[in-house]
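Given next, in structure tokens, is a single chain: the form predicted on its own.
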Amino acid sequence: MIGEGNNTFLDVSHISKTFFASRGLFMPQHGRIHAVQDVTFTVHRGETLGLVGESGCGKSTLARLLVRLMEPDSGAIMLEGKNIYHFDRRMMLHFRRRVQIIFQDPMSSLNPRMTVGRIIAEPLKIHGIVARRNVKERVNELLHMVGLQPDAAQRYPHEFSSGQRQRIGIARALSLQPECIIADEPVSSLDVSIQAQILNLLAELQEKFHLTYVFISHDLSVVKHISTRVAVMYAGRIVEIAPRSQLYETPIHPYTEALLSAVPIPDPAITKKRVRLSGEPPRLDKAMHGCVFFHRCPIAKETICALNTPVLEEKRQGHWAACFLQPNAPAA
């Protein structure tokens, strides 16, 4: 397994998820959307695994699979040797305490009819980890922890800014004292200055509570700032995984190279070669043969890439890529 070891928290093995599409409410299904295809990776304790890729590549679907808000078509996610998709209700309650999620849009993920205090208190009551007489005090502690005043508990989500609502979402995720948080594009809808505040808050909370993060984003600059390792996703598949410095300095997969070449550099004196991709990402409702990146890849060979599907291989120590045309480097 990729990154296998005693420090593994989650072991994701060959996860796939397909959605059925239809023409309308009363029309029969006529196609399948292959949102996640044969994804394998591990999440190490205490790290931040960044997951990047363009819109529609399957990042958010994968996030929901990681916390079992969706059931996969195949594959497994192992937590301490046990497949979470085999957990019963009691075991799932325990899993929910250990793994939480922060959603991309805080407004749609917060109940508009509940006060902030009730939103944060709800998981405390469901899991019974705080005596009822102490719930209010715990809610105030959580609000303070994310930089909000105690009087916020009496207000409703629509009374807050987007950044403040995301802080409420973080407080709710922290309420059960989880070990791991899946953050699905938590700063994508925020202004740049607010993004920095939320990222700094997440970093402080990780250091204080020894949290493990899976941080999902399409912004490579943000991912570089916060991540320990980075996984690159394209058309439902993981095409490269590496430690942050290796991936940003010496990418292997052509898609990763193209993504990194598009990241703006704030210094006008520095120039870099732009890798421009032709065509469009493949339609996920069509059966694909060969490499998913074949039709856009600048170095693809039809005799190899169009006929065979590459799998993740360790090209350098700790650096995995799914590409036929990049030679294996000697292990460091």
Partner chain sequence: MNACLLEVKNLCTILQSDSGIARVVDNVSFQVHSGETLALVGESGCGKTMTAFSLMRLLPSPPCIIAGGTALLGGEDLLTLPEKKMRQIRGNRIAMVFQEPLTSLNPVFRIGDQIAEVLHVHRGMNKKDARERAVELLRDVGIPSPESRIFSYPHQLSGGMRQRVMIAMALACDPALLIADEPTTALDVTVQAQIMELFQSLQRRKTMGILLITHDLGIVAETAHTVAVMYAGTIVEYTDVMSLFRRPLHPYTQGLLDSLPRPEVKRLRPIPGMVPPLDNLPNGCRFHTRCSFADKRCREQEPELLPFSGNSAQQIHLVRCWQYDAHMSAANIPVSSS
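In this text the structure is predicted, and so the values were computed from the model without any measurement. Residue numbers count along the first chain shown, from 1.
Beyond what is shown, the protein has a form predicted in complex with the partner chain; the following relates to that form.
You can rule out all but one of 63 to 71, 40 to 48, 272 to 280, 303 to 311: in the model of the complex, only 272 to 280 has residues with a heavy atom within 4.5 Å of the partner chain. Of the listed positions (N134, T250, N83, S193), a single one reaches within 4.5 angstroms of the partner chain by any non-hydrogen atom in the model of the complex, namely S193. With the partner omitted from this view, the residue of Q154, Q149, S108, S161 that lies near the partner chain in the model of the complex is S161 [heavy atom within 4.5 Å]. Although the partner is absent here, R296 is a contact residue: one of its heavy atoms lies within 4.5 angstroms of the partner chain in the model of the complex. For the chain shown alone, H225 is a contact residue for the partner chain in the model of the complex, at least one non-hydrogen atom being within 4.5 angstroms.
Taking the partner from the other structure, the partner chain in the model of the complex has no heavy atom within 4.5 Å of any heavy atom of R118.
Mapping the unseen interface onto this chain, M91 falls outside it, with no heavy atom inside 4.5 Å of the partner chain in the model of the complex. For the marked spot (G128, I170 and C180), a heavy atom within 4.5 Å of the partner chain in the model of the complex is absent from each of the three residues.
Residues E54, S55 are the members of 52 to 71 with a non-hydrogen atom no more than 4.5 angstroms from the partner chain in the model of the complex.
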